[in-house]
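In structure tokens, the next block holds one chain alone, the form predicted alone.
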């Protein structure tokens, strides 16, 4: 018997593919949304940082999911360790534009032309969101600010959201990065949640999967919180893994021992 049948799940528990409406709204999530909205209103830059698995990408998905597609054009790219040209190619691809050139000036001109088409032609607000921005080479930060300048830097047509690990802030302190850093109007750092927050998170995800009863003993909740450091991604792996162990052992409740066994399978 599979663990889904054993515990009567209607869908995979602790999955990462839940809709933005199913995302648990926390004070941290609200903080991210407030800062992004503020930066968008000003046409400025917002920074979202946090450790791996702290929920940065989920927060971005939540915020963008609440922006109506008739009013906002979201350009969402995931950074790489490539050059600024690679970033421009990604942006053009998201805009559905054939690159057709390796010229930095040509690519910038195409991107800005398309942004102005949305702003003036379609009366929409354009937002550039870059996830994993901590992977950027320093040279990218030195040049990125020129992309968001319009009409001699007098028009706020392309607000920017940068999300990444904590070293993203360090990268913006270098002298060549200062023109971009000077545009930052809001910063939010996501950390691991406390034990109560973890319990709410686990209960919420059980409900999404169709189980409206607590199947985790208190000691198991504590073990997941401690083992994950309060970080959601690792908590997902531990919770799902311990459920599998419990089902294999025909246990109606997930125990701390089940969590310990699950922990031996993940990093």
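Numbering follows the first chain given and starts at 1. Just so you know, these numbers come straight off a predicted model, no measurement behind them.
Heads up, the form predicted in complex with a small molecule isn't pictured, but that's what we're talking about next.
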- Message: How about residue 11 - does it come within 4.5 Å of the small molecule in the predicted bound form, if we only consider non-hydrogen atoms?
- Response: no
- Message: Taking the small molecule as it sits in the predicted bound form, is residue 201 near enough to touch it, meaning that at least one heavy atom pair lies within 4.5 angstroms?
- Response: yes
- Contact of residue 35 with the small molecule in the predicted bound form (heavy atom, 4.5 Å): no
- With the partner left out of view, is residue 53 within 4.5 angstroms of the small molecule in the predicted bound form by any non-hydrogen atom? yes
- Message: Taking the small molecule in the predicted bound form, would 23, 57 and 232 all count as contacting it (heavy atom within 4.5 Å)?
- Response: yes
- Message: Within 4.5 angstroms, counting heavy atoms, which one of the listed stretches 36 to 44, 23 to 31, 66 to 74, 215 to 223 is next to the small molecule in the predicted bound form?
- Response: 23 to 31
- Item | Candidate from 86, 143, 132, 94 lying within 4.5 Å of the small molecule in the predicted bound form - any heavy atom | 132
